[in-house]
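One chain follows as structure tokens, the form predicted on its own.
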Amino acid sequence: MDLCVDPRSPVPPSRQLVEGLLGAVARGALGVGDQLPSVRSLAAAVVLNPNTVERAIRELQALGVAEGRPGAGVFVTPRGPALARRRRRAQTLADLRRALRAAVEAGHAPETLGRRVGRWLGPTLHPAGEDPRR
């Protein structure tokens, strides 16, 4: 699992860490029952204050993605991967909506943006055998 926090980002470090951990759970780098790194080791790895890391871990627990086990650590819950994927999908769609709105405000025609997105995605948009309506 490769997490990083950009100190120049306008996104608070704890939020960056939450999103990074959600991404790791969503893509399977952390699976059901896997233990999250300890607060100390994670703080050292991403060069953050342990309090900031603790805040991020608490948020994952509040979301239901992780659960603490006294004396053992924090682990990905059985619902964690589905919750993380749902949250990441919602976030990426919100980001895309903001980017498209900014592109239209900058003068790009919506039709042109639609064609470009289709070209950029090309065959990855609808892999062979996949129903495009899903």
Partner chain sequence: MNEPAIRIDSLTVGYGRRAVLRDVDLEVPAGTTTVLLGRNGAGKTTLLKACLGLLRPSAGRVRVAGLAVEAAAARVRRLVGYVPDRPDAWPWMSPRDLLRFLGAHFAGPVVARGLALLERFEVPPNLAFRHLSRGQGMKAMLAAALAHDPRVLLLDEPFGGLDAVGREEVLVRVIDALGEAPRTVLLATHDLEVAVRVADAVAVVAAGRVTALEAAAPDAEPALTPDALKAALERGPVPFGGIPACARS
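Residue numbers count along the first chain shown, from 1. Fair warning: this is a prediction, and the values are worked out from it, not measured in the lab.
There is another form of this protein, the form predicted in complex with the partner chain, and it is not shown here; the text below is about that form.
Asker: Classify residue 87 as contacting or not contacting the partner chain in the predicted bound form by the rule of any non-hydrogen atom within 4.5 angstroms, answering yes or no.
Answerer: Close contact is absent here: in the predicted bound form, residue 87 is far from the partner chain, nothing within 4.5 Å, heavy atoms only.
Asker: Report yes if any heavy atom of residue 13 sits within 4.5 Å of a heavy atom of the partner chain in the predicted bound form; otherwise report no.
Answerer: Output for residue 13 is yes: heavy atoms within 4.5 Å of the partner chain.
Asker: Examine residue 109 and determine whether its closest non-hydrogen atom to the partner chain in the predicted bound form is within 4.5 angstroms.
Answerer: Close contact is absent here: in the predicted bound form, residue 109 is far from the partner chain, nothing within 4.5 Å, heavy atoms only.
Asker: Can any non-hydrogen atom of residue 40 be found within 4.5 angstroms of the partner chain in the predicted bound form?
Answerer: Output for residue 40 is yes: heavy atoms within 4.5 Å of the partner chain.
Asker: Would the partner chain in the predicted bound form be within 4.5 angstroms of a non-hydrogen atom of every residue among 24, 30 and 35?
Answerer: Not a single residue of the candidate spot has a heavy atom within 4.5 Å of the partner chain in the predicted bound form.
Asker: Can you tell me which of 49 to 57, 66 to 74, 79 to 87, 99 to 107 lies within 4.5 Å of the partner chain in the predicted bound form, counting heavy atoms only?
Answerer: Single hit among the candidates: 49 to 57.
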